[in-house]
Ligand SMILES: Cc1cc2nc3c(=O)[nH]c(=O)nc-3n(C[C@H](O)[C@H](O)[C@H](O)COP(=O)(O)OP(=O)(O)OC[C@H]3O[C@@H](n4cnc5c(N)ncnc54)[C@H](O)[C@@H]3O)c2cc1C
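A single chain, nothing else alongside it, follows as structure tokens in the form predicted alone.
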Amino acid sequence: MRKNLFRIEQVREHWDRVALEYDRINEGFSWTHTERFLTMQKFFPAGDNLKVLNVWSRTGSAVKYIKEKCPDAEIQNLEASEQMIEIARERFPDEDFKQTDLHDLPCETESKDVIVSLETLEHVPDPLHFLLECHRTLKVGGTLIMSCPPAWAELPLRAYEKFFENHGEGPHRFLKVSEVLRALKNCEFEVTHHRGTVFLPVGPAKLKQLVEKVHLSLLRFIGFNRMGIRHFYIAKKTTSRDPVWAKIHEEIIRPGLCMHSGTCIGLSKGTLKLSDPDGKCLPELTGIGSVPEICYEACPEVNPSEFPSSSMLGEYKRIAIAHHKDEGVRSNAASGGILTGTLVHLLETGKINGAVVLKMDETRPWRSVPTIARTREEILASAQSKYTVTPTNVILSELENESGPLAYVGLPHQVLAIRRLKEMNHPSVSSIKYILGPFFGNELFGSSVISFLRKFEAKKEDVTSLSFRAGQWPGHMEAHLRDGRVVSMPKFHANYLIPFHITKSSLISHDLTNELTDISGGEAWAPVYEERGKGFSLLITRTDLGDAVIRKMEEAGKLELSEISEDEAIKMQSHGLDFKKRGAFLRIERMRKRGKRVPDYKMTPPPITFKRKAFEVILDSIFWICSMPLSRRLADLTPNWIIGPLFQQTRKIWKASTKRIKRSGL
């Protein structure tokens, strides 16, 4: 269930504006308005001293009907509009009314017997989160009584608003019945009753009630429970569920939005672990204890809106083409050795005691893992890109005991989590002083390594060492096997793996140049540098701290550096910037239109032409076809001497033919 585009402030503004007229107008609706309370009473559970949550309560009209069913009920009323609350308090001075944002409910976990939520869900900015909060708040065996109009009621509403006096609905989205039922199921509610009501919303009250009786008599027939402009959903909470894990699973993992940062695992105190590291690479419960709230709050997928929007490259101090002068550092790195060289400089000048980097796992050498490099040799051994999914932030569990200072190297989503934790003053990141990061085009599932090895009739267990960029720039993907063989593919040939194994998070991430770091760097993609056969980096310093480090390295003669303009850098990275800054938003919008949950970056992409939109349809189709198991299998069966060169030539033709489309307007 996707988020809505409106904000709670917009919802609140509308209901504040109509509050004074709300009750008067609803009196004109007569039975059409009061039917919701009468139907609610039919499903209200029997019992004494029931603890009831009424959300949202508007001017408190439901209180009277709840008290009729349970006179000694303890009711907590939550309302978005302050004006509505004032009116409700005048009507029911002995009742409790508080303001809510319809997001995190101010209630203890499993503290309510009944939740009454009438005509609410359609106004909630994040309806899935709201339902998860309802599940958290209910006791086991508790009842959710919820009503909301179905999606098809939008047209009758428009007609009604045109011809009759009304208070308007304000910001809203009527949900499909199937969408609501699916969301309730995913939130682990058991729907015990579902029915449509108010078949005839206008006309004499007696006629409307007569039609309603006929309608109710037909509910036993297929399809009739879907009729009516108001739908009631009666749901039971049958089992407990870890509330933090519920949010992580339903809002992030199930919709396919997990960025594989490892943040929730690293902060989980052992309650979460990594599953299927060579496949989907997702967190799962260990069954030990309750998941801490910080695991959800720090996730980069939750409100990922901290990114600056000042330029295509983010905020920066300087942009330059650079490479490290130590050939041992430069040749061992993926491009110009800037990030590796910076870590070595910080370590050797006593600025850090170690650096969080990735290395190849000693026991599973086909897989990379995070580590703290404490020597020059360990930093050099960690050099080069690691293209498969590695949840770097699982190491947060170790960092809490580090005195530091440390440098940290991570991808944009991992860096976002670190920055967020720093704002929270969380102890897991107190030792981190410097944040560095490579540019981020894409990340591949571990299945890409398995596919590569199949080309040579090998398995991952046969690997003794693996490198993604071995040898002289641009390097080659290389694996040493237990039988003594060394198998490899040129870097640009091995890129055929990308469309077959790219992660979904790569396709919807908008940050190419790692905008939240102190220093970021990537390949200098320009013929003048590519033709030289050595690595050159596009270097971006983003903070005073990062820029000071680079200037010290310049003064020490460790860097060859030439500053360039922002326009030159954008031209150099136009392919990647187009893929991220326009392509990601086009893909997100396509997902949104299909009703999928999507990240909200709160950013406006650069201008997107019709040609670029058409181009994206083709590109998305390619990714979709290549993601199919049959397509992957056919790619595995195609000899590497065919698929590698074929992919490289196709890529060259593709880039040349789409160059103008991608660069236009950047």
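Bear in mind the structure is a predicted one, so any value in this text is a computation, not a measurement. For every residue, the number given is its place in the sequence shown, counted from 1.
Not pictured, yet referred to below: the form predicted together with the named molecule.
- When you look in the model of the complex, the only residue of Glu523, Glu250, Glu402, Glu169 with a non-hydrogen atom within 4.5 Å of the named molecule is Glu523.
- This chain is displayed alone, yet in the model of the complex one of Thr392, Thr517, Asn77, Ser117 has a heavy atom within 4.5 Å of the named molecule; that residue is Thr392.
- Although the partner is absent here, Met591 is not a contact residue: none of its heavy atoms lies within 4.5 angstroms of the named molecule in the model of the complex.
- With a 4.5 Å cutoff on heavy atoms, Lys581 does not count as touching the named molecule in the model of the complex; it lies far away.
- Though the partner is left out of this view, Phe440 does reach within 4.5 Å of the named molecule in the model of the complex, counting heavy atoms only.
- Under a 4.5 angstroms non-hydrogen atom cutoff, the named molecule in the model of the complex has Leu339 among its neighbouring residues.
- Across the options 128-136, 351-359, 544-552, 481-489, residues that bring heavy atoms within 4.5 Å of the named molecule in the model of the complex belong to 351-359.
- Contact annotation for 560-582: a single residue, Gln573, has a non-hydrogen atom within 4.5 angstroms of the named molecule in the model of the complex.
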